[in-house]
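Okay, so here's just one chain, in structure tokens, the form predicted on its own.
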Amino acid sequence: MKDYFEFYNPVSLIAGQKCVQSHLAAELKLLGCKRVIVLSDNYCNDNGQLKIVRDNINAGGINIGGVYIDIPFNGNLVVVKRIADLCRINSCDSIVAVGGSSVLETAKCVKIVLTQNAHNLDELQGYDTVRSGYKMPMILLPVMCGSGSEVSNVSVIRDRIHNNKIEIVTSELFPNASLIDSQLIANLSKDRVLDSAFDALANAIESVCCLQHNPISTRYAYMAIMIIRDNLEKALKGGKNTINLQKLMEAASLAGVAQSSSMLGSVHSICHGISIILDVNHATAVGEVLPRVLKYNIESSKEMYGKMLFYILPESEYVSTPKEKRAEVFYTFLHDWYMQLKRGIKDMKTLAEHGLSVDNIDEITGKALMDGANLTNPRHIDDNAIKLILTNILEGKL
């Protein structure tokens, strides 16, 4: 552990069932919002989440200056510019976004394009290019329980022209507030619950192990891991009770706070590569990639894995596991747990069924190697290691 570290997260986190009804309009008024643009996607439009948000903004007497729902998953640089132009034309002074990570990270990119007086997000790439701009209020409402984008200082968005993902990291991306409300995910399919929860788990685990980890982010991560352990299987059983879904959403936000400070590693770089080439959400890949990258990183993270095992296993099982075996048990358990839960969900596809094959491993590897998340991975990773991880996924080997 280094003697020096930084931790900063200014997001007002408001959590509770039906907190959208009780707090959204009030938060907008506190922020002085007069004319809001609402961002979402077709999923939220079709499933009612967008209506909940719009109704509550209208009920609070706040003007909606525009609504944009044609946001593709993984986002799109062209769409960011289109929305920023719409905001300027309609004189919108604030942003409310309801959706998964693609919507939330698009909203964050729109914000910095506007506050930096830029024309395109391209202008803001590179080190230390984003300065403190004018303050544009933004409230984010997640409809998944995974990415933690609603509380993070990171946005990853697709550049479809060059077929890459662009990563922006700056405190200017932090929203003013995030509302964590399980009514927005009450009808979330079981496969999305599982994959997004493992995405949150990966955020937490990598934030403990990666090179920028610090004592505060680690505590957030430990709490996230415990909450996922205690609530994931119950949430997958379904029913009308959404308490477990609420807890998973809160865990995702805790993990998001952790990774904002500590950054992530090669789990995410490989998943981003898979996402680009197979055109799937990166969370789809996390459950199969996570334990294999952990195994690769064990020589630099063995002690940390042993500590995290305490937060993922029942206490009696942890105590009975020999200390020298705990790191191996940690990543093995995660692999077995994910596969067990996946088998219990009808028609849930493997990465091979999504299109992963020996024919695209080289292409995925190339995209993964270009990803900035590798910079903070605890062990240097090269193309041979990534290819082996992808091959082992195809062959069902850990």
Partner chain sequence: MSGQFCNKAKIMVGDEALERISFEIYNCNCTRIFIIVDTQSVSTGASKMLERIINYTDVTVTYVKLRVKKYATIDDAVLAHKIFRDSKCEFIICLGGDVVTNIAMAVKLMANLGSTNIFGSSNYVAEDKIPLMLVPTNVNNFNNVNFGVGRAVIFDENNVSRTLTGRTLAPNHIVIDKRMIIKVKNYVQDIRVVMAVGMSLIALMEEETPLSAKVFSFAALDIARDQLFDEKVNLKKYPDKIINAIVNANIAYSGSYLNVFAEVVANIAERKNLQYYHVFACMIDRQLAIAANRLDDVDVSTLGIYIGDEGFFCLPNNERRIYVIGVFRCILSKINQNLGLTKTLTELGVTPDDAESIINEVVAQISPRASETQIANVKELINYTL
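Positions refer to the first chain, counted from 1. No experiment lies behind these values; they were computed from the predicted model shown.
The same protein has a further form, the form predicted together with its partner chain, not shown here; the description that follows concerns it.
- If you check its partner chain in the model of the complex, you find a heavy atom from every one of 15, 227 and 311 within 4.5 Å.
- Although the partner is absent here, residue 299 lies well away from its partner chain in the model of the complex, with no heavy atom inside 4.5 Å.
- When contacts are judged by a 4.5 Å heavy atom cut-off, residue 93 does not count as touching its partner chain in the model of the complex.
- Using a 4.5 angstroms limit between non-hydrogen atoms, residue 89 is distant from its partner chain in the model of the complex.
- Interface membership of residue 250, defined by any non-hydrogen atom within 4.5 Å of its partner chain in the model of the complex, is confirmed.
- Scanning 64, 30, 339, 345 against its partner chain in the model of the complex with a 4.5 Å heavy atom cut-off leaves one residue, 30.
- Considering its partner chain in the model of the complex, the lone stretch of 80-88, 191-199, 96-104, 210-218 in range is 210-218 [heavy atom distance within 4.5 Å].
- Of the residues in 4-27, those that come within 4.5 Å of its partner chain in the model of the complex through at least one heavy atom are, in sequence order, 4, 5, 6, 7, 8, 9, 10, 11, 12, 13, 14, 15, 16, 23, 27.
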